[in-house]
Ligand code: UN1
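In structure tokens, one chain follows: the form predicted alone.
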Amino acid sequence: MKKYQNYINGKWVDAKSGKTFENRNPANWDEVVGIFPKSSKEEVDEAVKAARTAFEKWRLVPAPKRGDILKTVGDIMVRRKEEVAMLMTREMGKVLMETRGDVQEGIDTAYYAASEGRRLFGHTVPSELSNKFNMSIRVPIGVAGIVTPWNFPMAIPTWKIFPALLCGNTVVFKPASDTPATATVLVEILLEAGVPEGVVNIVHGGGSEVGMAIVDHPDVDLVSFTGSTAVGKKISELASKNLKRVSLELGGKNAQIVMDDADLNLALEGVLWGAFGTTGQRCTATSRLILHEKIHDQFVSMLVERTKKLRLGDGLLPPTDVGPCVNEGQRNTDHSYVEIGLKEGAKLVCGGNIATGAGLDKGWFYQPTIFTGVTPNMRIAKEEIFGPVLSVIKIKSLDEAINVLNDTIYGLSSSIYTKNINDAFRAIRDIKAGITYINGPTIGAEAHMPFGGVKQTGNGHREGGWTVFEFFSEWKAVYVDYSGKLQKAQIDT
């Protein structure tokens, strides 16, 4: 096993307390991937101080030069893609095909962010006065606190860290305790690419000890967090004391609609991938399947048949379709919702138990699970489960389908399968979600597009695409008066 450290102010260091925690393989809990420092507020204070000091030089580096460093980051990630993917599978469980995609998303984000170094556009507008010039520019903000989840341990940190750096901010990074090794490799790559000392700092440890210390620190100017809605509300409350800028990407209860005119084979592939890819452990995972009554029975039969053929196992082994839950607690949560669904009167037609058998007994595996007869008011249709549990709801019309889809506190991703172009555009207009797919699953975001949701899925900011650079930079209005006399704006006009 390997012992890892924090990276603070240009040095790899242990937690001052000497405390550590283990990172284990969820497919084989006997395997310890690494030992990590269990840090505290003391390490956060040092990291923030280093980032604050480094900010004064980093903000003066021209944005295109910062972009050149991120281009190099992408090049290194290409070279190390397979290595990082295999490490990621070992520490969080999803199959190698998916972890390769996770790394590729980081590569795409690096190259996209690099190009934005030459496109941090401002605006020039006419002045209302003679001999006066008006423009607006984008400027860095300061120290960015980055707190990320375990399910996309490379992609999501890059969504945040790369635009933060490109805009001229410095970073204090707290990765999830379930996936600290991949996060450490990301920092190593940033350093290899030429990011100066103090510009990026990583502090390992628990959310309450390290994450909240970052959020609450008076010298952290902005916070970007991805995780549960419950934790996001606590972060928002804590950060509001100092009026910090906060970006929250939170929970989802995403649904795929399948209309009676849909290509059922295509829709089947979509829901299998959306519901059981990453073992259902995505904020965009398909947790609800809304089926038109005319195709309901046929589609459920097709779905159950295919789902029962999915192969569970170690994500490093080629035959595996579905990996483990990330830890025992998540698997217990999944099973508790199965019990809730049964008590609510839903019909269990597939799965519903802890998966056992050869190669599964040492990991946190759960059978891909399908409920039918689900009504919109059931808890399994309302609450985020974050596991391979799919609720099927029968509807009679497009209007009913959209109403059911919208009937949650969340609004992240959505999907509709139909050959009717009018229905597709009505869905785009009427679905309350930050993302809508037409004839595609609820998962599959691209690095150059905005990512985020409405309602209690977030607080209005977006990650990805051009929109994230708005969050990590500040607008500054500039007026240049070359008239040689005092002009009093609206008074003189």
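Note that residue numbering follows the sequence shown and begins at 1. Everything numeric in this text was worked out from a predicted model, so none of it was measured.
Not on display, but discussed next: the form predicted in complex with ligand UN1.
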Exercise. For the chain shown here without its partner, which stretch in 77-85, 350-358, 283-291, 371-379 has non-hydrogen atoms within 4.5 angstroms of ligand UN1 in the predicted complex?
Worked result: 283-291
Exercise. At the 4.5 Å heavy atom threshold, is I156 in contact with ligand UN1 in the predicted complex?
Worked result: yes
Exercise. With a 4.5 Å heavy atom cut-off, would you call W58 a contact of ligand UN1 in the predicted complex?
Worked result: no
Exercise. Does N151 make contact with ligand UN1 in the predicted complex, using a 4.5 Å heavy atom cut-off?
Worked result: yes
Exercise. Any of the heavy atoms of G444 lying within 4.5 Å of ligand UN1 in the predicted complex?
Worked result: yes
For this session: Have a look at E105, E188, D260, E209 for me and say which one sits with a heavy atom within 4.5 Å of ligand UN1 in the predicted complex.
Result: E105
